[in-house]
Each structure stands twice: as structure tokens, then as C-alpha cells.
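Okay, so here's just one chain, in C-alpha cells, the form predicted alone.
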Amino acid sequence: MKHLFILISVSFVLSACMPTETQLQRLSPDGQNLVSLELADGLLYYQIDRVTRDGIKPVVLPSRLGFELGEENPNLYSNFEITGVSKSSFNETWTQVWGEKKNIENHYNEIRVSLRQTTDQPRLMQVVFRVYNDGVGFRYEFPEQEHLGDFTIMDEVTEFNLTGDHTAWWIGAYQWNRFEYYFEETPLTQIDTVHTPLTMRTADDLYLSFHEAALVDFTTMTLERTDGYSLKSNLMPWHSGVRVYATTPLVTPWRTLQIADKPGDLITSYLILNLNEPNKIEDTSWIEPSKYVGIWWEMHLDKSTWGSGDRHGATTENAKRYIDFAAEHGFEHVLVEGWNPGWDGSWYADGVVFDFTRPMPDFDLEGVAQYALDRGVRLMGHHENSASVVHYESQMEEAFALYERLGVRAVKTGYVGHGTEIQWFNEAGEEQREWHHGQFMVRHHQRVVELAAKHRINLNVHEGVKDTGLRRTWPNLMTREVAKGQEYNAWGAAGGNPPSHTVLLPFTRNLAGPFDYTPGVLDLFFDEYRPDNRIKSTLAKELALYVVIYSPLHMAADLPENYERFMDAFQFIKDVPVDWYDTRVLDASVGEYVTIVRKDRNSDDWYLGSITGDDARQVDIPLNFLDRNRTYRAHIYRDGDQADWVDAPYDFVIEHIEVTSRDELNFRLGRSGGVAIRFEAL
């Protein structure tokens, strides 16, 4: 096999040097990304190259494609012959219902290779590659056929053979706390099996991100390092060991590789969205990006409790207090956690105790919902099920119908539980436990989003499956957690998220999609409640996160009384939108700093967020992104001259100056510092 691999490599290099595409090659529209395919001894290989002025640089070396099935003849990766090759091109601009950018260009060149096995019972498979200017997506398609009907997938042999020991940013897969870990930075050769998005930097400063798109009725893909610089698809299994239960016709999720010359270009790549199906919801008038406050942070601080008793947070009186605050300051929703029975005792271990249609005695659900509506605010629902999914599904229809009747338009769902604590029972009554992100849960979350759409409800999913761009198809699937968020600052074992955490997120977790990080905690120390924890940022950095971390549902997470103390800084949180016309990354270095600007979708205003990690730094910001021949009033919320997350986190300055696109602004960011700016068009 080693000799075969060398021969294939040589042939790929020779073909890649040709000035035009061969039959089994496809270039991106700008001619910069090249996909080549080759069939050798019945095995199908692909390669991805980067075409530059200095020549052709390999990105992915020849790598195998195919599957191993659970049938009598499991091999679905060899004995192939090519029965057809077709090429096509596509170019459109589509409009997001909401998002980081209003209008998205979807421009790619496609190659489709049809395969048939040369066996007694030949099976058919197609491999489809779409080559974009910002990367590549490919998937497998299985037509309805005589020799493959219902089948099981036991392994995916898809490889990603890379060219060197790239720097990688990753979190490990198959861990008890799902995706909630800090990202590691190591050479590629030090990873084992990791979640996606997996971000890398090559020795010649090319940036790569491996992920998947359009995950429907399949299982999630992790990446396993098999040898040296080689990765292989590792599919999350069922308890039985089967990876996927399938029926033809079938299309798999897209395997994606985003390729960028600068790290910021990964952030503004919309390849994953483009690989999803268009919006399926005809009337989207009820899908509105918005900000919210709620009864949440006080429980994480241990000021109040989810469970009943003297310190119960979700009381009628407390909810009305938050509603009054939301109405006064223009927030659209009020989240109330702990409103329903089930929070007492061992709810974490046994989610079947939850009731999703009945409130606790000290919470008037109907009265509070109406109180909110009367003040121009809506209650945000909460469905924590502690990973007891079958129990939750037995009440979902009634629970969503109740919320719809009460005028609730957004629901936060929660699946707290260890990695394999998704519990259900088979027909024999035997208990089964599944991974949070296997096919069982992918199917469940699809049922939830479709049911929520039926009842005109938007979703904010915590402890769920990673985002793969389904928000394009189901725009009520607005935001997710699926990472370490703000709550780890309150009680995390590290005493709070490290300064680098939020500077890594834009290049890792956030490449998958919107993140309900819950920023906006302005009281950075919790001495009264959690003296061993704090927020390891400056005040200005906490404001800048509203621009740096994208979510169409953004929370102002702090307590109302703390916003009363920091009313000047709170003004930025009130002003900043959550739906954008355009997004640009002005400067960035993974894990070190990032400066992002976004233009409001509903005005001519721009907003800027710039943050740094462990090191203080000077940032120079040319304002040439602003509209020409226009004057803006820049409302600047920045670190003071001595700002530092350890020594002076509250050294904070607010300034108001007039600027144009010809100007440049210069700031010193303290350690774990930041600057947030509203450019108000005059």
C-alpha cells in the first residue's frame, strides 16, 4: 500500500501542474482551490491543492473515501469503477432571515463522480465535491437501488492526509462533559480524537477549519488522528456500536474544509451555511433577533436557587421585577429558569421529574406571561430535561402549545448530563444510554426544531448538538451553547474562564454558528457569593463581546442592580444590535486578539469590538470600512491607560468624537482588555 500511495502522489502532482482541469479535477471559481480525484485499484482518492502565484501547494494529500457497512459484505470503499462524471457551476445571492451578513453569495463549481462496485451484487454510490473560493465541501449520496436498502454504517474511512505538523486548536471528543472544555493549542501530532470545528495553521500561514454541514438523520463526525499527519472521520456511535442506521436514498452531511490566507477570513466564510438547504419556513415574520435578560445569573452566583424554598429565584414577584427592568430598557424577552416542578432533589441524575406544563406554586405562569405582554415584553420559556429525552418528548407538543398560547416566542432548552446520559428504553424495556451527539440525538433535535416552528417558537439550545448551518433551513433554530460559556466564570474550577478563552472562540467554536455565550456581566467580582471566582477581563472587554461573539439572541446576563451601578457602560449593551447587514474582520491572531466590525441591518450605524487575551497591546484601526462622504459620532467604550484584568479591570473611559472613513483610531488594550464602539451615522 505504501508503494501505491507514492505512485498516486506522483500522479496527483503531475496532474495538478497542468494549466487546465482534467476530467477528474475541479477548480474554485477564482481558480485558487483545486480538487483532484483518482481511482486506483478500485479505491477512490481525493486531493486538495492551493493554487498560488508561487505554484501549487498541497493542502490535503491523496486521501481515501468510502464506508464500512454492517452487512455481509461490509466493504464500501473498494472494488469501485467509475460509471460517470458530471460537472456543473452555480452562482446565486440569497438573503438570510437574520445573520452576520444579510446577503450571502453562494458560488461554487461542482464535480459528481458516480461509482459502482465490481462485485456479484454491485452497490452504487456517488461522491459530490463543491469547490468554493473559501474552501471545499463534499458528501456521499446513495441512490435507491437493488442491492442496498436498509443498512448500517459501522465506520467512515474518509481521510484527511495533511502536509505537516500544523498548529491545531481543539477539544477532545468522547468526554463526559460533551463540548464544554477549553481549547488546546498543540501540534497536530499531539491530538487524538477531537471535535469539529478543528482549526489549524500551517507553517506557511494558511488557515484551515475542518467541520461538517447539513447534519440531518446522521451522526456527528469527530476526527481521529490515525498516524503522523493523517486524520480520519470517526463517527459517534449508538450504544450498539452501529454508527448510522440508514435507508436509501440517502445523502450524508457535507464534510467541510474552509481555507483562508488570514485567520479573520475563516470568520467571514459562509461555506457551511451555503451547503445547507434553503429556508423551509414560509412565514418568518415571528422570527425576530433580539436581546433578553432573566432569572439566570443569580442562580449561578448562588444568590438564589432553581429549586423551591426561601431562596427560590423564579417567583412571580422576582419575574415581574425583571420584566419591569426589561420594559424600561428595551429588552424583548425575560428568561425565567426554575419555574416548573422538578428542580428539587436529584434532577441532574433523573430528569423524568420535570413537568413542562405546570408551574411551581409561587410562580403564576399565566399571570407573568400576560404581565410581560402588557409591557411590550415576552416571557422566554425554559425546558431543562436533564437528558431524559423520551420523557421530554412525551410532553413537548403540549408544552410548546402552552407557550404559544401565552405569547412566548423563544424557548431555551437544556440537556445537562454526562456524555452518555441520554436515556431511553427499547421494546424489551431495557435501558439504553446514548451520546449527546449521536444519531439518536440528531433525530431528536430535528423533531424539536420542527415542532417549535409549528408553534412559532425560536430555539436557544444548550448542551445540544454542534451547529452545522441548519439555521439556514430552519431559521427558528437561532442560537446554541455547546461550549464553555459565561457561567464558568461563576463557579468553574479554574476560578473563571482564562483571558484567552474568548479570543479563541471566534476561530474555533464560533465557526460552527451563533453562540449563546451570555455576555454583559459588568460586576466582575463575586465576593459576596463566589469569592474564589471572577471574570478575568476588563469592563470594556465584556462590552466588546457583543460584537465579537455573534448570536441573534444575546443576553444581558448581569443582575438588574448591577446595571444600575454601571449605567453609562450599560448604554452600549442597550444600543448594540443583534442582526447585521455586513461583518468584517479588520485584524486578528488566533487566541491573541481580534477586531471585528459589523454594520447594523436596520440603520447605517457600524459597531466595533476589539479584544485581546493574555497580553496588552496597541491596536490601530483605520476607519475605511465606514461609508464614504459621511460623518459618524463614535461612542467609544475603552480600556483606560492603566487597564489590566488583574490590577485595574474597572479602568474604563467613555468618549464621544466625530470621525469619517479617512480617520484612524488608536487604542491601548490592557491584558484581557478591549474596546467597544458605536459609530452613529449623522
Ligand code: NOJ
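All figures in this text were calculated on a predicted structure; none of them were measured in a lab. From 1 onward, residues are counted along the sequence shown.
Although it is not shown, the form predicted in complex with the named molecule is what the next lines describe.
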Applying a 4.5 Å heavy atom distance criterion, does H300 contact the named molecule in the model of the complex?
-> yes
Would V85 count as touching the named molecule in the model of the complex under a 4.5 Å heavy atom rule?
-> no
Does the 4.5 Å heavy atom contact test between K599 and the named molecule in the model of the complex come out positive?
-> no
Using 4.5 Å between non-hydrogen atoms, is W254 touching the named molecule in the model of the complex?
-> no
Which of Y563, F440, Y140, W347 has a heavy atom within 4.5 Å of the named molecule in the model of the complex?
-> W347
Which residue, Y322, W170, W343, F331, has a heavy atom that falls within 4.5 Å of the named molecule in the model of the complex?
-> W343
State yes only if every one of F572, D582 and E680 has a non-hydrogen atom within 4.5 Å of the named molecule in the model of the complex; otherwise state no.
-> no
Would you mind picking out the stretch of 361-369, 313-321, 462-470, 219-227 that comes within 4.5 angstroms of the named molecule in the model of the complex, counting non-hydrogen atoms?
-> 462-470
Residues in 296-326 that come within 4.5 Å of the named molecule in the model of the complex by at least one heavy atom, in order, are W296, H300, W306
